[in-house]
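Following this are structure 1 and structure 2, which are two forms of one protein chain, each written alone as structure tokens.
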Structure 1
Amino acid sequence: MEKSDHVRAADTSLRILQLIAFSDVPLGVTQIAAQVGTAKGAVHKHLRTLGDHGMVAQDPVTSLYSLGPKIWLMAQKAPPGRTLAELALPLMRVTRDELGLAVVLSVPTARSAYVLATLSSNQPIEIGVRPGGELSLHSSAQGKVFLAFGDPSLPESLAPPLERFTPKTQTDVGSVRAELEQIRRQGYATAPEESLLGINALAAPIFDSRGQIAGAIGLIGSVQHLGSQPSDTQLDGLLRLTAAISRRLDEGSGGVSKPSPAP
């Protein structure tokens, strides 16, 4: 029971939706059916359902499917990423140009660091992650930042077995928890070769106006450019970036504490 209690039909509908969303061109029923591994007929029914809800739209002439208007409408009501990514991206670009490393913005999830936006390094060999990807909590720098500065219940949910990605991945819950204390003290986390051999990451938290963690910035690079002991330049660039984003988040949100209205 790796994935215990699902709603199978809803799952396939969402997989279809994701496929359409992340495709650059409109898709046909046959391609979709092949990619999600379901019969054409079933996929067609799902597309009909998604269309009834305005999540996808079918071009009346080519009969190909693409995203519908409701997606955009929903995003208007989704504050988590909206303001954050829009604020952060221009600042991230500056830091990328200064340091020459890939810069990644992610938000915390119950089981991962969810990648909202990435800027590739300007090095000849590109290193990066795709938006929409998920970084594990225990083996990525951004994940460990969320464990250290995020909700206290998050580290508690860490339970063996921790997946091993490389020989250097920390798979012992105890040692991961021990590292969190150090991360809190120094204000940043690293994960040398813990997700992928040859690759290191350096990450620091972003806080909102209430002092809650809102996301994290990660710098990604090969061990050649980003050592397990980050250089002062890199560390300074990262911390100035996260501080700047946190500051802008505060300004935007009225400043003081934010009471939630009664129903």
Structure 2
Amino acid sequence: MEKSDHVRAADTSLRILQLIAFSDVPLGVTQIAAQVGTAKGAVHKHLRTLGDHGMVAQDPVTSLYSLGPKIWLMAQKAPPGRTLAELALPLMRVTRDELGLAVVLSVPTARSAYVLATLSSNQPIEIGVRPGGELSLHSSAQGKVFLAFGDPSLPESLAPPLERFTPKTQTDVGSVRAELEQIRRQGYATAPEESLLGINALAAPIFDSRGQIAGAIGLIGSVQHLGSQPSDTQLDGLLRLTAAISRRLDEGSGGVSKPSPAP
């Protein structure tokens, strides 16, 4: 097996493991194969390997897969201290209750905005994304934040053809890079109907004590409740929230106090 084949095999195993981890219910081989986009026979081999290492477990009655015991043991070895999600969630909840919009926390990866935590809106129709989800860099507000404020090499990874998710997705690389300059100037990003028709998102960066981007907060709602031009109340609420989380990271501790106005 060539090196590239090993990399692809590892990538498939990790995607299978993440799919199982973030599913609300145990999954079968057919479901996993369909969502991963790999043949059932190949998925079965990956599952068998993951099972041999204790990463997944198969129910002997239903034949469905869930996380295995070694995952729990590995989690116990995680570094002590409060994670970004633990610091952010109490503050996110305050902002959600004030604005009524879904609130999403994500961190940057080389290819996406990876969702760490979400709080659903309090609107009659629920709008949001699940933890473990990946948001496109060029078509999501949080992805644009990471392109604008993150690793300088990240925008260079944009190469045509950019995927079109809706008729309003911006797929011209030059136009996306021009938008990033505007995002840097104004300090926030929007993505009206660029990932899903009828849905807009408003996002801003979270910075750590070194001034480097640690994550992003996105507010998500229907275009009825979150227009392409956010209201002053919505923008102020978002910026107060990200500033408060950034201060918590700088302090290294925090409680559940209400976000204070951004300077």
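As the structure is a computational prediction, the values presented were derived from the model and not from experiment. One-based numbering along structure 1's sequence throughout. Think of the rigid core as the biggest set of C-alphas that the two forms share within 1.5 Å after superposition.
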Answer check: the form predicted alone matches structure 2
If you line up the core, does residue 40 shift 2 angstroms or more at its C-alpha between structure 1 and structure 2? yes
Please determine whether the C-alpha atom of residue 197 is displaced by 2 Å or more between structure 1 and structure 2 following superposition on the rigid core. no
With the core lined up, does the C-alpha of residue 63 move 2 Å or more between structure 1 and structure 2? yes
Cα of residue 18, core superposed, displaced between structure 1 and structure 2 by (Å) 3.4
With the core fitted, just quote the Cα shift at residue 27 between structure 1 and structure 2, in angstrom to one decimal. 7.1
